[in-house]
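Okay, so here's just one chain, in structure tokens, the form predicted alone.
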Amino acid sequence: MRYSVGLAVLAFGVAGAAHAETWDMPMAYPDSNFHSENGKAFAACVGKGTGGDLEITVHAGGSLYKGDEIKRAIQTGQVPIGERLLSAHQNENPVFGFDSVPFLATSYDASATLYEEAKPTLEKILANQNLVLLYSVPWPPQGLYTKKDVESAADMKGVKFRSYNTTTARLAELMGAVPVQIEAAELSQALATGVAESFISSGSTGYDSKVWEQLDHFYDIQAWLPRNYVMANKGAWEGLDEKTRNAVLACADEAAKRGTARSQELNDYYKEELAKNGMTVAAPSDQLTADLLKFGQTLTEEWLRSAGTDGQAIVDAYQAKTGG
């Protein structure tokens, strides 16, 4: 009798274990980065919301897959879920760069409106790539980090410039700088070894990488607000029952709101911390602003040509709503 009860308990335990599912979730940014913290909160929400039926384990800092490997890993089912900066994949589809069109959407409200107009097209493209979009969170507005005073774009000539997508690489070329593709997790080492001397990114990246150890200036040019996207493999997603999917979507909605609010809260804090650590934090000069706006117009025209009717429709719908 004891043997039978033992078998029954064992069988129940095995069935329970089989019912539960664990998903590994690679993220490219440090464990303390607000995107990673938001991802961990999302994972905790999913575990609670599904009653433990789906547990998500976050692997931050590129520890499981490097940033440029994450999207492919999700697509091919090496992992069921992950986070990636989609503008880094403009070579696959130019529409992925909609959130990095210079000076198109330079505030959180504008970024939200632009995303709202782009989302249906984005979801369609991702679906064709075996991906399901769960949520997206913007970075703070992008600024220019340098080792020296920069009064105009001419001062950037020959500078080794870290790029993270097509827009930043092309902007470097227009400024006469030398673009070098570097993932965020490798930025500190690249700056320390002289592989990179300047870059455009948010205050968050500068703070996470302690760039004040190598760089002196942050110009608050507020060029655009790129977005990170949490995506699931379509097969893995469709393998979940409806109740579990609904719980995940509810957590994703919370994560989008929480992450955006946190990004906005931290925007000024990051710049204050850069200044506290000895960096000059300033608005760009009139000449640098004029140069960047000119380059931005060139980049916008190039992006619209490459993104075709989909890109034009996104911009037209956005401008109709904002009057821009």
Ligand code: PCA
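It should be emphasised that the depicted structure is a prediction, and the values quoted were computed from it without experimental measurement. Don't overthink the numbering: it's just position in the shown sequence, from 1.
Another form exists, predicted in complex with pyroglutamic acid; not displayed. Remarks below refer to it.
Q: Residue-level contact is defined here as any heavy atom of the residue lying within 4.5 Å of pyroglutamic acid in the predicted complex; does Thr205 satisfy this criterion?
A: Contact check for Thr205: yes, within 4.5 Å of pyroglutamic acid in the predicted complex.
Q: Going by a heavy atom distance of 4.5 Å, is Tyr229 a contact of pyroglutamic acid in the predicted complex?
A: Because no heavy atom of Tyr229 falls inside 4.5 Å of pyroglutamic acid in the predicted complex, the answer is no.
Q: Hey, in the predicted complex, is Ser198 touching pyroglutamic acid, heavy atoms inside 4.5 Å?
A: Although pyroglutamic acid is absent here, Ser198 would stay clear of it in the predicted complex, with no heavy atoms inside 4.5 Å.
Q: Heavy atom to heavy atom, is Thr146 within 4.5 Å of pyroglutamic acid in the predicted complex?
A: Judged by the heavy-atom cut-off of 4.5 Å, Thr146 is well away from pyroglutamic acid in the predicted complex.
Q: Of 212 to 220, 129 to 137, 72 to 80, 156 to 164, which is the one stretch near pyroglutamic acid in the predicted complex, taking non-hydrogen atoms within 4.5 angstroms as near?
A: Careful reading of the contacts points to 156 to 164.
Q: Since exactly one of Ala184, Ala172, Leu104, Ala252 fits, which has a heavy atom within 4.5 Å of pyroglutamic acid in the predicted complex?
A: The option sitting close enough to the partner is Ala184.
Q: Between Asn93, Asn233, Gln142, Ser111, only one gets a heavy atom within 4.5 angstroms of pyroglutamic acid in the predicted complex; which residue is that?
A: For this set of options, the contacting one is Gln142.
Q: If you look in the predicted complex, which residues in 84 to 99 sit within 4.5 Å of pyroglutamic acid (heavy atoms)?
A: If the 4.5 Å heavy-atom criterion is applied to pyroglutamic acid in the predicted complex, 84 to 99 yields only Leu85.
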